[in-house]
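The chain below stands alone, shown as structure tokens; this is the form predicted on its own.
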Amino acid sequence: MSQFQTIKRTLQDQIESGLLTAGCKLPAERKLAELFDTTRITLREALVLLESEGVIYREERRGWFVSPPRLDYNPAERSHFHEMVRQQGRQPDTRLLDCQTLAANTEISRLLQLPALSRVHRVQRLRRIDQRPVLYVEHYLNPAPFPDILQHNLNGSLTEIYQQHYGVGYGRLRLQIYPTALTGEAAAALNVAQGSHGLLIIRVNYDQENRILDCDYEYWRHDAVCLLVDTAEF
């Protein structure tokens, strides 16, 4: 077994045994290299492999941490984020980063089936589980059904705002799921290095009468979520 594989196995064994607990910070790379009597390059190889498997995660300017359990997430289920997280014994919160009305680009116009030179509401939010940033979302809303929605408190559930203030509920949805590299605003919000592994879910939501309401770009930390679909639910 190579040296970096030995380091990986040792760290993984201590995490699985509970000696290193979820959320705890690992020693600095310099100290870990001294502990294993190796170079920073070899140590980093082991750490990056553990990161790719979701065992540990890295935050910019903070270091390495043991990953908490993944959130089981059925993207086709209509339970909203806060309810879903609480049902799994975790603590959710949502923070509004920005909201504005702007010209829709070509991709958003296509997803929302809007004519050229249309405007859309864009809502950017950061979602956390147990105070850890795990999800950056960009919501794009057709302004027609929601003319003044940006005046509401957008730190909670959009689903509840739709129902309570506009009498609108969700019908069917369409999903696209891709592995992605986290860059730009997503990487900054999630406090990860540019190019870090992530998961992108593009969701187009329809109302009960099959009219397109909105589309969401969900950028997840890859180690924070497990996509779980049970066909018995359909």
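Since this is a predicted model, take the numbers as computed values, not measurements. Numbering starts at 1 and runs along the sequence shown.
The form predicted in complex with a further copy of the same chain exists for this protein as well; it is not shown, and the discussion that follows is about that form.
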Quiz item: Just one of 44-52, 161-169, 61-69, 27-35 has heavy atoms within 4.5 Å of a further copy of the same chain in the predicted complex; which?
Solution: 44-52
Quiz item: Hey, with a further copy of the same chain in the predicted complex, do 173, 179 and 227 all fall inside the 4.5 Å heavy atom range?
Solution: yes
Exercise. Using the partner position in the predicted complex, report whether residue 5 sits within 4.5 Å of a further copy of the same chain, counting heavy atoms only.
Key: yes
Quiz item: Just to confirm, residue 189 within 4.5 Å of a further copy of the same chain in the predicted complex by heavy atoms?
Solution: no
Self-check item: residue 39, heavy atom within 4.5 angstroms of a further copy of the same chain in the predicted complex
Solution: no
Quiz item: Might residue 56 be said to contact a further copy of the same chain in the predicted complex, defining contact as any heavy atom within 4.5 Å?
Solution: no
Quiz item: Relative to a further copy of the same chain in the predicted complex, which residues of 190-220 have a heavy atom no more than 4.5 Å away?
Solution: 194, 195, 197, 199
